[in-house]
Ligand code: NDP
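What follows is one chain in structure tokens, specifically the form predicted on its own.
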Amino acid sequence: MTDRYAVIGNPIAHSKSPLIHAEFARQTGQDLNYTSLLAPLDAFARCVREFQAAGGKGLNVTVPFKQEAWKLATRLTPRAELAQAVNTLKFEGEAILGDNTDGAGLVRDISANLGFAIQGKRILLMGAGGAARGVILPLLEQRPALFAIANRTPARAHELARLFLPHGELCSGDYASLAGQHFDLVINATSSSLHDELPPLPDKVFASGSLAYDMMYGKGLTPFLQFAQTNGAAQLADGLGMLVEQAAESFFLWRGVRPDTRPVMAMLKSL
């Protein structure tokens, strides 16, 4: 019987995950079917349980359910436990294993695909939700010179900084606190691009030679990347590479096979 997987979120129609995993399955000869699942904002757990009860093997979790998925999992990998956010669920009988592959996917895309060395750089991470939580530890492990977290609600940024303090020094605050500071790597982990909005960044936040990275992806530049392009960023990237790389990590967790991401990224860029 063909194994069933899906990506669950709200909204979800824009997701390229079904196409990515179909390519991974074809490439590796795995017998699986991967679809998308729109969950009502107040019924995430019910949708997961229904998919599991119907024989589903695993789910990718996207906006805005990553922290709910962390609470729902009955067992967590160390990186998911620390992040308090889950983007990958693996069903093991009645049990649910929760993992977070976002950080590994982001770091691999930035360092291997984009050729940008994170070590010794000044990082600004925008946002304090599930997307941000999942990438902090892998970024800290690259030993940046400075790591700042900015959020519209500064208390949430401070909370994240305290949570990860044992793993590296972080500073935190609202966007106004960034005035006069310059960063080599600016990452948008907010959902602003989904709503065609822009976080209130100071216009001189991008250092010479900097990379602006938006975790969201779509046709054309997001509002954040448009802003970065006109305010000094040397390199722009959306989250398509991260999406493919974190998907490969999920696929490995589910199937024990690591697919080659390069042809899948090339295929997506040609669409």
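All residue numbers refer to positions in the sequence shown, first residue = 1. Rigid core here is just the name for the largest C-alpha set that superposes within 1.5 Å across the two forms. Small disclaimer: the values here were computed from a predicted structure and weren't measured.
FYI, the form predicted together with this ligand isn't displayed, but the following is about it.
- Residue E197 is the only one of E92, D174, E141, E197 with a heavy atom lying within 4.5 Å of this ligand in the predicted complex.
- For the candidate set Q181, Q84, T77, S192, a heavy atom within 4.5 Å of this ligand in the predicted complex is found for exactly one residue, namely S192.
- Proximity of R156 to this ligand in the predicted complex falls within the 4.5 Å heavy atom cutoff.
- Within this chain, A212 is remote from the site of this ligand in the predicted complex, having no heavy atom within 4.5 Å.
- Although the partner is absent from this view, M216 contacts this ligand in the predicted complex, with a non-hydrogen atom inside 4.5 angstroms.
- Among residues of the shown chain, M242 is one whose heavy atoms approach this ligand to within 4.5 Å in the predicted complex.
- Residues with any non-hydrogen atom within 4.5 angstroms of this ligand in the predicted complex fall in just one of 165-173, 130-138, 69-77, 111-119: 130-138.
- Residues from 85-105 that approach this ligand in the predicted complex with a non-hydrogen atom within 4.5 Å are limited to D102.
- Once the rigid core is overlaid between the shown form and the other one, V61 counts among the residues whose Cα shifts by 2 Å or more.
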